[in-house]
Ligand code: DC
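For reference, the chain that follows is the form predicted alone, supplied as structure tokens.
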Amino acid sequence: MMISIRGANTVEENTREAILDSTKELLQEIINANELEASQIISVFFTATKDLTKVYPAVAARDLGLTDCSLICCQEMYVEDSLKQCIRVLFHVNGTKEQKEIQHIYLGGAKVLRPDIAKPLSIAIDGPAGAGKSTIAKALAQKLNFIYVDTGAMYRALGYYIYHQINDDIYDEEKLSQYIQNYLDQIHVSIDYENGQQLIFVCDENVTSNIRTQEIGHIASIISANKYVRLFLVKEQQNLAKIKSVVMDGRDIGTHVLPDAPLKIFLTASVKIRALRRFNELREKNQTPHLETIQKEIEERDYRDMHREFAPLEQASDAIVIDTSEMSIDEVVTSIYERAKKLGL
């Protein structure tokens, strides 16, 4: 019985080494997943996007010992806004399996080509306020072609909404708990994307531009200590990770939201460095912050986050710790990206 197998992988850069490495990775995955012997392979048809020019992908097949089957390389048809630096393959093999039993393999950024068969993957990034989680997670998601989920923005959005319903009663633990128990199930928090930018909605209101103030950050920390709030938003976050490959950042992602994530990162930095980052961020937004006040608020927030009763901030036992105090954003992103690629993400 002759059957066909499809697959694709993306290439990091247009070099001979990168093209051959990505092609070998793809071929080996297809062969292993489908338990193929070289003698079963009739032919392999390769296509590459027009930005890959340094070597024929078929060379990788010969290097793997596929010397008796037919190989051919072609340029993939160019389509506007299509996936860049991508190699696709089509195997024809003799075998005993039925077509429906075959495993088609899509790796790297090529997972987006077949989201129906590609298992969603997740990267969990945790750490205290100001460690660089959001900036780094966003850049990493873009590099991996994953969806970025800013869980902190979800808490800010919910805090913003609740504050505008009960005003200063939000600082009264008893009144806040009463409101949450009575009305939380009537609130809907959602994430959408427009031109690559994440938008946050609460009850269909776009609150994206209203939640990045120092006050809303403080409020988010207060409501996040409530068990029912966390259960409510965790469910939303877990549902998203079931259908899309995500980079998700927060304070309990690796320990509570995505405990089975294949890669968990715990970012940290000194309190002084984190306060200075927040100070500069607020100044860029034409606000007039006080560095001492920010540092004190960060210390207080760290304490609340680490000592809350439900899902406190803590490092997952299998998380990789990265201190960002003396590292640039690019250095941190590259470090995590390289770890992700080694895991096949």
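Please read all numbers here as calculations on a predicted model, not as lab measurements. Don't overthink the numbering: it's just position in the shown sequence, from 1.
Beyond what is shown, the protein has a form predicted together with this ligand; the following relates to that form.
- At the 4.5 Å threshold, heavy atoms of residue 230 reach this ligand in the model of the complex.
- This ligand is not shown here, but in the model of the complex it comes within 4.5 Å of a heavy atom of residue 305.
- Within this chain, residue 109 is remote from the site of this ligand in the model of the complex, having no heavy atom within 4.5 Å.
- Shown alone here, residue 264 lies farther than 4.5 Å from this ligand in the model of the complex, counting heavy atoms only.
- For this ligand in the model of the complex, the listed stretch (209-217, 137-145, 238-246, 173-181) containing residues with heavy atoms inside 4.5 Å is 209-217.
- Using a 4.5 Å cut-off on any heavy atom, the one residue of 286-302 that reaches this ligand in the model of the complex is 301.
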